[in-house]
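Just one chain is shown here, as structure tokens, and it is the form predicted on its own.
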Amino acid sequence: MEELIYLDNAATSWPKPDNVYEFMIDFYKACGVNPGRSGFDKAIEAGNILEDTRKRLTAFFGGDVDAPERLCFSYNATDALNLLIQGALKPGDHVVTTNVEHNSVIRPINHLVRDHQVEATYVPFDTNGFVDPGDIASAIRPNTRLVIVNHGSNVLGTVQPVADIGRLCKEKDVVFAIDASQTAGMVPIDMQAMNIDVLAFTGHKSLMGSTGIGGLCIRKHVELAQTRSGGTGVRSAYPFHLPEYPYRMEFGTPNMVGIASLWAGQEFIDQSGGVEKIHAGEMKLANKLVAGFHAIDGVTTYCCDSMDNHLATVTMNVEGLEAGDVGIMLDVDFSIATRTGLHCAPLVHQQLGLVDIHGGVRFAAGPFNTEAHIDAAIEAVTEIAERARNMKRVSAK
């Protein structure tokens, strides 16, 4: 069987580094118990991994290192974003977001608009795939309580100017949050320097962790309302959910295997030379991929004429073919894994005019891809585009 060329790292990074697999297994074998619920040695050891990972990620994101308890774990970024959006907005409030967003932001906001009298403004992106900070500022109203922006597009690969947006939000005294699902572990983030108040992350992409783990990093000056309640293992006689962090945003037994994977993922990033070095390697591959696609007749790429301020994510289409059909051909005929469709980001595809052709074909390189993988992808798309041209010539006769 031909070896799979995996170019779907924007969905989840795969494979994981060997040290992540090994640490997860070793940790769970050695102390896969419930942290913070008991005083025996194994529970304390599990609790140490939990708290040490909080501290490490807080520093990694440039959060308030003197308040690591404000790094709160969740199931994934979608879960974290629901906690953030529902905790930040109440009836009569206004939120500003963008057309670049994933459904993990769009849908919670739309539910609040429909069901809880929240108002929302969606700011479009320009022809290069970037949101103008001035447009964000112009959309802010007296009742705006939150600005939330997708730091890196999972469709276009563009990295938004969050430092500029954060500065404007600070001037207007509005909470600024980012969805860092695509950028955490990929590009440097400094919440304090960038004036980011809340950051939502997932573990299974460039942080090199497992699925089922994510979280929020919340600055000290921000308060989010509780929207859930339940067990914490602490102060059990108290009749309400605890108001202090991290319990304010955490509920029930944590995903300790996932948290262990994040710890190991940090080790991998450090041992690989940091996010800048990893990103540079991936962008070398992405630039080669884009150059190859631009040379193929009948192939269209989106918002990647320049790859500055970009992730290694490229979306394209082949003239005359549905995106889904291209994806099937890449998989079945060439053993190349991509992602097709609307990528849970319908507003991006609406603005690009791709909804009627069912979206695009996304290629996303990761740290374990090689130039040979990119060469194979370019050759495959070249052949698929030639097939499409032949089909067009036959149908024209």
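Position 1 is the first residue in the sequence shown; the rest follow in order. This is a predicted model, so every value here is computed, not measured.
Same protein, other form: the form predicted together with a small molecule, not shown, and the subject of what follows.
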Q182: heavy atom within 4.5 Å of the small molecule in the predicted complex? yes
Heavy atom of Q86 within 4.5 Å of the small molecule in the predicted complex: no
In the predicted complex, does N150 come within 4.5 Å of the small molecule, counting heavy atoms only? yes
Would H102 count as touching the small molecule in the predicted complex under a 4.5 Å heavy atom rule? yes
Heavy atom contact within 4.5 Å of the small molecule in the predicted complex, the stretch among 239-247, 77-85, 184-192, 218-226: 77-85
With the small molecule left out of view, which of N154, S261, Q160, T98 would have a heavy atom within 4.5 Å of it in the predicted complex? N154
